[in-house]
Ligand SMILES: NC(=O)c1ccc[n+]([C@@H]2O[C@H](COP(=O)([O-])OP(=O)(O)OC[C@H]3O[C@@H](n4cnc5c(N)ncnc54)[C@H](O)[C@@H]3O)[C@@H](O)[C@H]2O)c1
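We begin with a single chain expressed as structure tokens, specifically the form predicted alone.
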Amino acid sequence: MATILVTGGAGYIGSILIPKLLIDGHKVISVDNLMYEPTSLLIPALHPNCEIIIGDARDRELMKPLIEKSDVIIPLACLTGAPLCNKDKSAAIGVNRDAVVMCSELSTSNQLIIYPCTNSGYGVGQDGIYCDETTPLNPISLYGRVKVEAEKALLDKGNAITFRLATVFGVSPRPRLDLLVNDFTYRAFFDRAVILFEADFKRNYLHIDDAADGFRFAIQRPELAGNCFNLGYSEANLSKRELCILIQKQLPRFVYLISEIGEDIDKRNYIISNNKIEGEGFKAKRSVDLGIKELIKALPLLKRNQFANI
């Protein structure tokens, strides 16, 4: 089995992925500065094949020897989302792009990097036309731009598989309540109402367990290096209005109001084709309905101001 280095391992996806990697029999090294939830890896940390290092993924002296002894590198460390990146632009560039490029520079052709890009890099798509991996990228935020730049550096070197992740949703040991499905379900559960701006803007969605399983799939397919893949749930190219209708089915007292005045800060609007990754044998299988059901069970345990990036 492989030695796998995961930066940002204590984060939203990492705290789901690392236990799965340990069950698969891999040795895992996690580097995280614990800026969010310091206990999310408390149980995996006890595993004999898990090493937790409290540190910064931008630290070259720290990262160089860790990269050298790893078979697979998964750089999850990230300031995720346009609002957070706009709040600290220097850190967004340093963590989201420069640290990833450094991993590429320090790696060899025999090592595999599996990188989570974002399909927000497509920006605004054309009505009724699916964005696939050949669609020109047009990021409309600093977050999208630096993620796309990092992806290009990785693909140019050739030893990386990159996933253009759909908007992830679901429950994690490091919860995030600022992601759209999680956010709207929270509001429906506690506030029973939400106001929608640009209600018919669409995007694709992905359950967090399917995201983690996508990385596990890539570990087994190193021959796919040099490729980028959209990774989302194909039945979930949904508008905000359609998402609210799904939530309303499980929380009937929830109401949503559509405002014709005002606009969403996040202007993404596109539909995504996941045919390329599905053609290689991986298909996301967990529905948005399932994620909403799981969130409803977990939400009484969470406090919103604890679990949002901004």
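Numbers follow the displayed sequence, beginning with 1. This one's a predicted model, so the numbers in the text were calculated from it and none came from an experiment.
FYI, the form predicted together with this ligand isn't displayed, but the following is about it.
Contact with this ligand in the predicted complex, defined as a heavy atom within 4.5 Å, is made by none of Ile113, Asn159 and Phe229. Per the 4.5 Å heavy atom criterion, this ligand in the predicted complex is contacted by stretch 31-39, the sole one of 65-73, 247-255, 31-39, 281-289.
Screening Ala57, Ile272, Leu243, Ile277 for any heavy atom within 4.5 Å of this ligand in the predicted complex leaves a single hit, Ala57.
When this ligand is considered in the predicted complex, only one residue from Val146, Val95, Leu137, Ala212 comes within 4.5 Å through any heavy atom, namely Val95. Using a 4.5 angstroms limit between non-hydrogen atoms, Thr118 touches this ligand in the predicted complex. In the predicted complex, no heavy atom of His207 sits within 4.5 Å of this ligand. In the predicted complex, at least one heavy atom of Thr167 sits within 4.5 Å of a heavy atom of this ligand. Although the partner is absent here, Ala77 is a contact residue: one of its heavy atoms lies within 4.5 angstroms of this ligand in the predicted complex. Contact residues in stretch 5-19 (any heavy atom within 4.5 Å of this ligand, taken in the predicted complex) are Gly8, Ala10, Gly11, Tyr12, Ile13, Gly14.
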